[in-house]
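This document opens with one chain alone, in structure tokens, the form predicted alone.
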């Protein structure tokens, strides 16, 4: 028999960055808020000094990440193939438990640009008819830079972001990113210190006439107290950052920046090991009544709520919408339907440079240390004659100093005494020149429910139909030329690269790329082509709001967290100031 919980004003599904933001913003408004988290509770004290950082547990065995055993996806390249389950989360690694991916993220807090937000407008203005591939499905975000920037600015204050401002209220600032959108305020804190690789990259790119700047960092450079009263300690460059919870309370995460304050509200609580399987609706299908979840004892529980917030990882949000029959599933043949369309990832890769005569001390680093150039970002160079739309940021960073993740010179054995010898000789003598590149949405890359595979609760798995986009592969060949020029300017002893080729196909494992998945339940101004309106409110169920990068119409080259958080604050403001006064659609279809 299904259990029934006490009713709440707001139920939040997923307690990562977006869920924590919605929780504190709506609890501050006096609403009774409850969050449901599928994974374990995760506290700062679970990982802080003097407990050691365990590379085997965190980097190799993915201790704080979603296991395919609990929530797999099926993968195929196109609709003619049969999808098979991912047995290992390789190309992307989702967070698991309280904090979500915000616990193990690297802490690079880069923003999209005004061009990224109005990509369709940019394409119409800069490309002639027929210059872009027919398969592309580019769209504008239904919010402007001026509307969303104040909310990304507040998130910078919540995180204590450390960096060098490049554009302050329209005035270009020396040392920052001259291509960024205008900031309403400077970074809260100064940049992290350059490591040797960052210094060399900065010098080389300056000599080449480019515009290097320090990586915007959510690991704070100085002691900091955020607007919620949370104290964040200065980074001590311990070398354990990417894939780890911070040992030193220095990397902003839901735990360090929001949750300890949120837990003090008497009108907020949360439950862990609560696996939500469905959003429940009234008989008319236009209003949500709450959610059903499976608790830690395997019992089915109904949680009544007046407002439902989905803030799990974007892929899981899409799966919940599909399993709840909310919104029409996307059909790539007819292009009807909205749930599942415009799925994108983000491109990675780069050059590995070895220097026999230099010691980089990779054990003394932070995930977001590094130097970046955005000279080749979308809109910063004309690419119509090159056959692509989009761009990339090129950078050098040392996200971790852990030995098992260290680069080894080409030709070395992959295991045994020969591997150990090569690791000893290579460790500390390499640096990377890397990229993160935009991924344009296409007609044929999409998400739906797998007709065969189900999870242990009998719910269909999410099927990912995805392959690399020819437009984007041309972009990567262009970036490869630019990166190789920087590499040669640095004059290493030896170098290699792993930039995708024009005939490359997506591989879900084993190599990690990034966890920057986007699309599938996108925001827009038309319910025929988008799942959510400009406030992340479902077009179909007005008391359902869906947070996350699933709302992105296509993926830009910036890391997604700043935009995800900015949209969450934007949506929370609309709920507080508009929806609560007059519940119903905030945008008329």
Partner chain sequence: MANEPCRIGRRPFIIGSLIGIASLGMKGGVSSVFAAVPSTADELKQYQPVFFTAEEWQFMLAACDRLIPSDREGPGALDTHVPVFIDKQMLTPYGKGEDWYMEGPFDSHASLLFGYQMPFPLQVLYRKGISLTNQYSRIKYNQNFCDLPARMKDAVLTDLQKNVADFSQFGEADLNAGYFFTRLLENTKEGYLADPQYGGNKNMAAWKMINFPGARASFPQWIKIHNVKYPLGPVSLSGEQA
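What we label the rigid core is the largest C-alpha set whose atoms superpose within 1.5 Å from one form to the other. Everything numeric in this text was worked out from a predicted model, so none of it was measured. Positions refer to the first chain, counted from 1.
The same protein also has a form predicted in complex with the partner chain, omitted here; what follows describes it.
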The listed residue (144, 199, 173, 231) that reaches within 4.5 Å of the partner chain in the model of the complex by any heavy atom is 199
So which of 401, 432, 379, 97 gets a non-hydrogen atom within 4.5 Å of the partner chain in the model of the complex? 401
Looking at the partner chain in the model of the complex, do all three of 61, 193 and 419 come within 4.5 Å of it through at least one heavy atom? yes
Region of this chain that lies against the partner chain in the model of the complex, out of 356-364, 470-478, 110-118, 278-286 [heavy atom, 4.5 Å]: 356-364
Indicate whether the partner chain has at least one heavy atom within 4.5 Å of a heavy atom of residue 57 in the model of the complex. yes
Close approach of residue 508 to the partner chain in the model of the complex, 4.5 Å, heavy atom: yes
With the partner left out here, check for me: in the model of the complex, does some heavy atom of residue 88 sit within 4.5 Å of the partner chain? yes
Proximity of residue 249 to the partner chain in the model of the complex, heavy atoms at 4.5 Å: no
Taking the partner chain in the model of the complex, which residues along 3-33 bring a heavy atom to within 4.5 Å of it? none
Quick check: residue 421 between the shown form and the other one - does its CA shift reach 2 Å or more after fitting the rigid core? yes
For residue 51, is the CA shift between the shown form and the other one at least 2 Å following rigid-core superposition? yes
So the C-alpha spacing of residue 95 and residue 52 changes by 3 Å or more in the model of the complex; is that change toward closer or farther than shown? closer
A change of 3 Å or more separates this form from the other: in the model of the complex, the C-alpha atoms of residue 51 and residue 57 are closer
